[in-house]
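Given as structure tokens, the chain that follows is alone and in the form predicted on its own.
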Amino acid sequence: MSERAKTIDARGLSCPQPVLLVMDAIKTTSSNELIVLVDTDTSRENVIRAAGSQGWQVKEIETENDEYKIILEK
């Protein structure tokens, strides 16, 4: 049975902190999906690049009020 998608709230954090949180979550989750909340273009791009290096893909990106909800899947 797969774990429910974990949500990582990295809003207000500067890089590399969002990337480090995502990398830790990737290492520890048994879910095939992660939800990442960030609030800068740089964090969005760095999280996507880091997740991609671990074999994760972007399923969906939602933008609202200069914040991003990135849904990643394995």
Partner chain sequence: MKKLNNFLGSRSGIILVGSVIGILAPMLQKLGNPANMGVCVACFERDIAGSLGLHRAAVVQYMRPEIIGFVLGALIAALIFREFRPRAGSAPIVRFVLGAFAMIGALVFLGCPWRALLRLAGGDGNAIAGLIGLAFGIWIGTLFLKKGYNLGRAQKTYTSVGLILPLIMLGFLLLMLIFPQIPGQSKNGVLFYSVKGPGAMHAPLAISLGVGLLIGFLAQKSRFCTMGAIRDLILFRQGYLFSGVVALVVTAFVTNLILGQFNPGFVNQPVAHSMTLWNFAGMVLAGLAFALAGGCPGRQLFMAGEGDGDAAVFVLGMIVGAGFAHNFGLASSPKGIGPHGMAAVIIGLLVCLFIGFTMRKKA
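Treat the numbers as computed from the prediction; the structure is a model and nothing was measured. Residue numbers count along the first chain shown, from 1.
One more form of this protein should be noted, the form predicted in complex with the partner chain, which is absent from this view; the next part is about it.
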property: Contact test in the predicted complex: L20 vs the partner chain, heavy atoms, 4.5 Å; result: yes
property: T42: touches the partner chain in the predicted complex, heavy atom cutoff 4.5 angstroms; result: yes
property: Exercise: C15 in contact with the partner chain in the predicted complex, heavy atom 4.5 Å; result: yes
property: Contact label in the predicted complex: A50 to the partner chain, heavy atom within 4.5 Å; result: yes
